[in-house]
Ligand SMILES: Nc1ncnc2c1ncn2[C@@H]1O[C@H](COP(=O)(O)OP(=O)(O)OP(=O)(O)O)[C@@H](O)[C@H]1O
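Below you'll find only one chain, the form predicted on its own, shown as structure tokens.
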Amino acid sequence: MPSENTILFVKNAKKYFGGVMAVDDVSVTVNEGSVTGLIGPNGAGKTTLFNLITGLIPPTSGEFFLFEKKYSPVNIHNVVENGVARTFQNIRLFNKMSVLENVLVGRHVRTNRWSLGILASILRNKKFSKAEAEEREFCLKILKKVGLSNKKFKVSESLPYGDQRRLEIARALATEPLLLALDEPAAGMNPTEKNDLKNLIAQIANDGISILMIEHDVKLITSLCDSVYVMDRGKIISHGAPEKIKNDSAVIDAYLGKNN
């Protein structure tokens, strides 16, 4: 069972697709304030596990806890409300909206201006306008944190690739997550962009947000993570500190093949 400093605990998660077991009795723990990595060869089940945790697909079985409180990952909105936000391997922005508008969309799950009533939203009274201004200010602070404040009015599809990645992280941060789940955040980045991303992730962790990340760049994982889980064929085959993982024969076999 999870301990007091455990933010996410996944117990015996399973996912079948027809007769194929994509996630096979997997248990994962993410401690508060930590950066936890999830790696493995292609087809290992990493993304499926991420999708279970974040409510994108329902589990076949298993239990999911946030701060020892059981939650049901029935849909992504429900999971975000519980405190888990995510990014995607394939960037999913609102391409025709501005940078700021994309972050404001993420803020919607925590907004309180709509609770003021339909009449207030139509008339845009002082309370409604004040709440709207507060949300805007909150999102501007996030854009400053990720280094995009000077591009807040640009259309998101016009941003360089690395900035689009950072914008997706900013939108997730707008939900005020307890846990930020990053699905291959460095995919497609050049070395400079990766270094900037590394610094950003470290900053987010230092701000007290726990992180669970999938990443194929093992060097990035080992430089950022406190602990690493390794999956292969739907199972966890190793878990521990980065140095332990790098020297684990089971991990080497999974990546290189037992005959190498």
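The numbering used is simple: start at 1 and walk along the sequence shown. Since the structure is predicted, the reported quantities are computational estimates derived from the model, not experimental observations.
Unshown form predicted in complex with the named molecule; subsequent notes refer to it.
- In the model of the complex, at least one heavy atom of Gln89 sits within 4.5 Å of a heavy atom of the named molecule.
- Contact check for Pro59: every heavy atom lies farther than 4.5 Å from the named molecule in the model of the complex.
- Although the partner is absent here, Ile236 is not a contact residue: none of its heavy atoms lies within 4.5 angstroms of the named molecule in the model of the complex.
- The named molecule in the model of the complex is not approached by Val228, whose heavy atoms all lie more than 4.5 angstroms from it.
- None of 41-49, 25-33, 195-203, 61-69 except one has non-hydrogen atoms within 4.5 angstroms of the named molecule in the model of the complex; the exception is 41-49.
- Shown here without the named molecule, the chain has only Glu184 in 180-203 lying with a heavy atom within 4.5 Å of that partner in the model of the complex.
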